[in-house]
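Take a look at this one chain, the form predicted alone, written out in structure tokens.
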Amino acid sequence: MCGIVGFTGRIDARKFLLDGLSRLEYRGYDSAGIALVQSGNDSELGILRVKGKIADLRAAVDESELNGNCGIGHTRWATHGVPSEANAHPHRDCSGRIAVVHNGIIENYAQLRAELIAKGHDFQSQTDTEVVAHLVEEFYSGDLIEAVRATVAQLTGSFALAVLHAEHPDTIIVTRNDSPLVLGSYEGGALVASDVPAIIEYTRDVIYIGDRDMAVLRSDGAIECYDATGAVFEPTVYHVEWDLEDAQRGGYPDFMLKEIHEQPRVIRDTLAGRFDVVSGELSFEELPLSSEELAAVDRIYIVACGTSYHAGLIGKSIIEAWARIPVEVEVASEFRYRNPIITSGTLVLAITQSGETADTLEAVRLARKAGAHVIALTNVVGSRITREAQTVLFIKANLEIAVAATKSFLAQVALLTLLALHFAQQRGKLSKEQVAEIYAEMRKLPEQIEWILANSHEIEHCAKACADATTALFIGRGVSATTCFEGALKLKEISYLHAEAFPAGEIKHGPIALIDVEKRTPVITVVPQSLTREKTLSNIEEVLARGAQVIAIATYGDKRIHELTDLVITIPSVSEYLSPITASVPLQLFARAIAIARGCDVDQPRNLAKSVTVE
């Protein structure tokens, strides 16, 4: 969603603000702007806003006389009000001495706006955010901290806020509720941003504040933190393992391709240290559940959104097959509204790459309130879900910039596979020998992914055959069907080509009507070696008979698939329940190749954001 940056220090703030906003572009946005306390004129704020990209804002700043050591910046994704310069942040009060940037949604803004207009305030935008600037103005009488605290007390909804006042030229006030903020300091000053990439050039030691907490950033680098009651507290400092290189393309043409090529490392890191050779058991020291407690689990809910939801569907198949525990996978936004059945034997796995997904967080709160033990799978240390769940398991994807998830998806699937093994072993459903055999096969996955990446010419050839299509169908069976769901999502996300995925057996129950002989509708099928391979081959023949163009992802050496179609992408031979990890890689590359052929921005697809922090 929207991106926030702020800097106060002893050097020109423009570089940090513009570079920081550039590193938050992956979050998605339609306009951008910055506000600075003008050097040599502490009573005046300078503001520049543009509809368009950071490059446009940077050009406008270069042409202006705007400068200063204390400022805030923003990238906006329109919610209230169309994309325009007038609706871009920062927003000001009537005096022009207060500026605010905001991520989230102020749910009661209409009521607040009407009350403020009745008091004589003049609004210049259609946004919900502008009420915050006017509320601070209304409450301000010399103490900016108290004015912001009084303002926050009036707000309903989600927000991350950074507030600037011309009369406090070295100070930024920040606060949040259900929207992310990260703080840091170094010898040159204090920093705030929506996400770590914006500040990682300056510090890798970061602070997260809780809902309705407040922090004051000073130009000497000091950060004062206050809880919701106004009491001072000493924040926890987290050390981020990522570095600046993770936020740069490293010679790749786009972040998506870079992150796809990082997947062998991600799988290696996920597997590292998980198997104890002496005991012959998987190691999950983070899990507080004993064998007896795991034996008492009679139902697992997996709650997630988007790509994480698809990882959950794959996890369901593996957990049920190996551990024999019933699993339900729920879209988080639906789970929280349908009064789910939760008992003392219910375990909830909540999956969110960012750890800030609003619907998943609400689902976690519901589950905990109902008495379930919640295990969070996330990629971000210090994110909100790490404080909401009883247990946290970190995936090892490191920083992911491209909006379309690739390496974080594979990390989630790999971690869920290990969890399924652990549950199965602890419940006595798999022997030590079986677990060791599966783990040994998983250790070969990074090398197999490297083989796929080195032999991607087949993918480029298949993508060219589909680039002009108007719709695409994906089919598979078992875990290959759930792999197809993610493949279809990737194609939709970055190429804007309509795509749908179905279990292959369902194709004749309606979807086969979508096949157009004249347009040679592409049907992408995932058909590795499995118990259902022959059934899938029959489904392939059905769609071929209706004039479809079939692209198959199949096991290397499968002669039968080459007899059916000359558009084949080969993957190494793996066990059926490990195939989603290898089969997903060519689907990612396939989607990217089509997107590039169609002239799309693969890193920042239209209308999308990296993390969805509002409902």
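The first residue of the sequence shown is number 1, and the count goes up from there. Everything numeric in this text was worked out from a predicted model, so none of it was measured.
Below: the form predicted in complex with a small molecule, not depicted.
For the options 75, 480, 194, 352, the one in contact with the small molecule in the predicted complex, meaning a heavy atom within 4.5 Å, is 352.
A heavy atom within 4.5 Å of the small molecule in the predicted complex is found for one listed residue only; from 364, 267, 403, 472, this is 403.
Heavy atoms of residue 306 reach within 4.5 Å of the small molecule in the predicted complex, making it an interface residue. Remark: residue 493 counts among the residues lining the small molecule in the predicted complex, judged by a heavy atom distance of 4.5 Å or less.
Shown alone here, residue 319 lies farther than 4.5 Å from the small molecule in the predicted complex, counting heavy atoms only. The shortest heavy atom separation between residue 489 and the small molecule in the predicted complex is within 4.5 Å. Residues with any non-hydrogen atom within 4.5 angstroms of the small molecule in the predicted complex fall in just one of 354 to 362, 127 to 135, 213 to 221, 179 to 187: 354 to 362.
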